[in-house]
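Here we start with a single chain on its own, the form predicted on its own, put down as structure tokens.
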């Protein structure tokens, strides 16, 4: 495993179980893994301190909250050296939920969540296109998310 962090199998089991159900109590998780709840607590605190666990997040149904549009934006930069400054500006756009620096056709690839097509148009036209360093963009609108899953840490 990762010797720099000194993670053992129990650490990885804890991470994997909590990725599936972050609400599980330490006592219940301890029972599943045949250790005490206190051991789970200590391990989680160590994983948080080491930066392996960055917190827990609520995963709401965005459609039920009125967010009907998920789009992916391929961003072409005028120069690759502009990545940091463009990323900083994109971070200010609240509708952008994920941004990656990529190889291939695009310099950057962003995921955007909006309530409707009108809001997406505003994000594209009034926010994104005005950022200095962006040459052009290509937008792909998601029709349906077929599945989403966590990375499997243990085989």
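Residue numbers count along the first chain shown, from 1. Values in this document were obtained by computation on a predicted structure and should not be read as measured data. The term rigid core refers to the most C-alpha atoms you can superpose between the two forms while keeping them within 1.5 Å.
Same protein, other form: the form predicted together with another copy of the chain, not shown, and the subject of what follows.
- Remark: none of the three candidate residues (82, 116 and 135) comes within 4.5 Å of another copy of the chain in the predicted complex, counting heavy atoms only.
- 93 is the sole member of 35, 124, 42, 93 with a non-hydrogen atom within 4.5 Å of another copy of the chain in the predicted complex.
- Looking at residue 130, you'd find every heavy atom of it more than 4.5 angstroms from another copy of the chain in the predicted complex.
- In the predicted complex, residue 12 approaches another copy of the chain with a heavy atom inside 4.5 Å.
- At a distance threshold of 4.5 angstroms between non-hydrogen atoms, residue 65 is in contact with another copy of the chain in the predicted complex.
- A residue is said to contact a partner when one of its heavy atoms sits within 4.5 Å of a partner heavy atom; residue 29 fails this definition for another copy of the chain in the predicted complex, lying far away.
- Residues 96, 97, 98, 99, 100, 101, 102, 103, 104, 105, 106, 109, 111, 113 are the ones in 96 to 117 with at least one heavy atom within 4.5 Å of another copy of the chain in the predicted complex, listed in sequence order.
- If you fit the rigid core between the shown form and the other one, you'll see the Cα of residue 115 move by less than 2 angstroms.
- Comparing the forms between the shown form and the other one, the C-alpha position of residue 131 differs by 2 angstroms or more, with the core used for superposition.
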